[in-house]
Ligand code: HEC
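Only one chain is shown below, in structure tokens, and it's the form predicted on its own.
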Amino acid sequence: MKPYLLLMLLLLATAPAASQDDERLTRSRDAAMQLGQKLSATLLATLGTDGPVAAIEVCNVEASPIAARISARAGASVGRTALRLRNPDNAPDADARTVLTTFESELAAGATPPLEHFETRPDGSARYMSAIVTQGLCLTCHGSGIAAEVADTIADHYPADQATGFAAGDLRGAFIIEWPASDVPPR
């Protein structure tokens, strides 16, 4: 079994029980897993065949269309966000920033992933966030000792990049799933 798939299955298998009886929680977990799997598979394949510079190109060009396809299938907005951004289009709003800060504190205090947050809003909309924890392979493009060629490519694509200097186990960001308001109340 591929390492990224095993990690995602382990994270989902150990996920805490839903605190709310809302099918969007289960569907959010599935959408986050799909995005994580597809991005990981694409990046791993590119890293293996073409190296980290090409993987940066994949993130720059392919990540948004992958998220858009999953969003269309899910009926929700599926994406990523972070406190330290590479792509400014993924900036968190104030509520997401609060959840990210909580995830970061929980990890620093020794919490074991998965870390997730789900809330239903008064208008019937909902938001799900699932922490993305930095893994060893992530350090190729997000760590402290990034190769000069990789750093130059990051600077070319993301001149305001803040997403380096991570260590394995740090909060890298979160998958974020936004559900529109619904006429159907949660079960």
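Start at 1 and count along the sequence shown; that's the residue number. Bear in mind that the values here come from a model prediction, so they are computed numbers and not experimental data.
Beyond the structure shown, there is the form predicted together with this ligand, which is absent from this document and is the topic of what follows.
- Using a 4.5 angstroms threshold between heavy atoms, Y158 counts as touching this ligand in the model of the complex.
- Though the partner is left out of this view, H117 does not reach within 4.5 Å of this ligand in the model of the complex, counting heavy atoms only.
- By the criterion of a heavy atom within 4.5 Å, Q34 is excluded from the residues contacting this ligand in the model of the complex.
- When contacts are judged by a 4.5 Å heavy atom cut-off, I56 counts as touching this ligand in the model of the complex.
- Though this ligand is absent from this view, in the model of the complex it lies within 4.5 Å of a heavy atom of just one residue from V99, A82, A74, L107, which is A82.
- Of the listed positions (A126, M129, L43, I70), a single one reaches within 4.5 angstroms of this ligand by any non-hydrogen atom in the model of the complex, namely L43.
- Residues R84, L85, R86, N87, N90 are the ones in 84-109 with at least one heavy atom within 4.5 Å of this ligand in the model of the complex, listed in sequence order.
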